[in-house]
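One chain comes next, on its own, written as structure tokens: the form predicted alone.
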């Protein structure tokens, strides 16, 4: 799925080198890549700060000690490869010094770990210093705040970079369980005959977080649950669950398949969306005292294709819920006739638990021992035990970007298609309902589920394992 080795990047430049994202994610990812022998190139940090390269190395070491530990050999290599350019992103001199630091490298990778409103400034600065020839540019989400701003951002990037050189990073797509969902669907054949409206009654997708905004109130109050996780993470998961088989195994084949799934998703209707806010949110630091930003959102999504017509997709996300979990619950239609005299047969279910542990299970009904033809619900369960050398999302995604493998990155048309879906319900288009922490959101969320079915709440094991 990647390009040839000859096109691999030969330098890594990360803007925002002194920022929080670099501290929490980038430095640990760089050390991990070096340990695997996949980062033998200049590493140049860029930021406006009074520190020098020794200060950046010290910050990197502190980051590693707090996030998994510093490996003496890998950190020595990282320190040797590391350089630092101090300067204002609006000052052309900053980019002239960067051009000098790059030396004879010809295929740099620029990682913009900075606010989106600076993307255009940095790209223009790189272009002005002749730093973009043969380059790739990695940008962090959010990719806009709505459809119009996403389109404007894409136009800005395309003024200097072709789409093939732009890598929009969403760390959620780099998670092993999310990739396993794609792999499980298309590496096995038994799902395909039943993976359609004839056999599936409904789908529930829940992203629950037990915690609140945790000191990020100022950021979160400008975003909310729909912008923060629904438009990107949850719609990406729904696309993986519902897309048709890709036409091939190349990155663009996968991304084409997801884009077709996005295009089939109907824009959300305000009448099928409920927003909630946990009690106490307005007292969080950085949150407006009259905030109507949602910390919970529940919605019914429709996919207008031959395969999925009339199958309701219940999608919700929220903070301060009873547990932290990401789970997909696919309910199959019940048998058409009641053959046995015991209780009506429960529906079969396919369950994908993506976090905190990975579980794929099939809920079925089997006969209990004895003379009577009476059944019980059990769960055929496969559980993945994480191994110590599994790649963290940022390690995987940075390594892919260096190689030019775009499969796990978000394409321009997918970004805009996802915003088109949520645009009708952004902001105050729907009222806000308060809910108590450690509950499953406001009672009003029940109306977004199909009448009588209710919401499926994730659990460690909702049925007895076989």
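Everything numeric here is computed off the predicted structure, so don't read it as measured data. Numbering follows the first chain given and starts at 1.
What follows is about the form predicted in complex with 6-O-phosphono-beta-D-glucopyranose, which we do not show.
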item: Heavy atom within 4.5 Å of 6-O-phosphono-beta-D-glucopyranose in the predicted complex - residue from 197, 333, 216, 365; value: 216
item: Residue (of 145, 307, 263, 141) lying close to 6-O-phosphono-beta-D-glucopyranose in the predicted complex, criterion heavy atoms within 4.5 Å; value: 141
item: Contact segment among 203-211, 289-297, 82-90, 122-130, judged by heavy atoms lying within 4.5 Å of 6-O-phosphono-beta-D-glucopyranose in the predicted complex; value: 203-211
item: Site check 172, 229 and 319: each within 4.5 Å of 6-O-phosphono-beta-D-glucopyranose in the predicted complex by heavy atom; value: yes
item: Non-hydrogen atom contact residue 233 with 6-O-phosphono-beta-D-glucopyranose in the predicted complex at 4.5 angstroms; value: yes
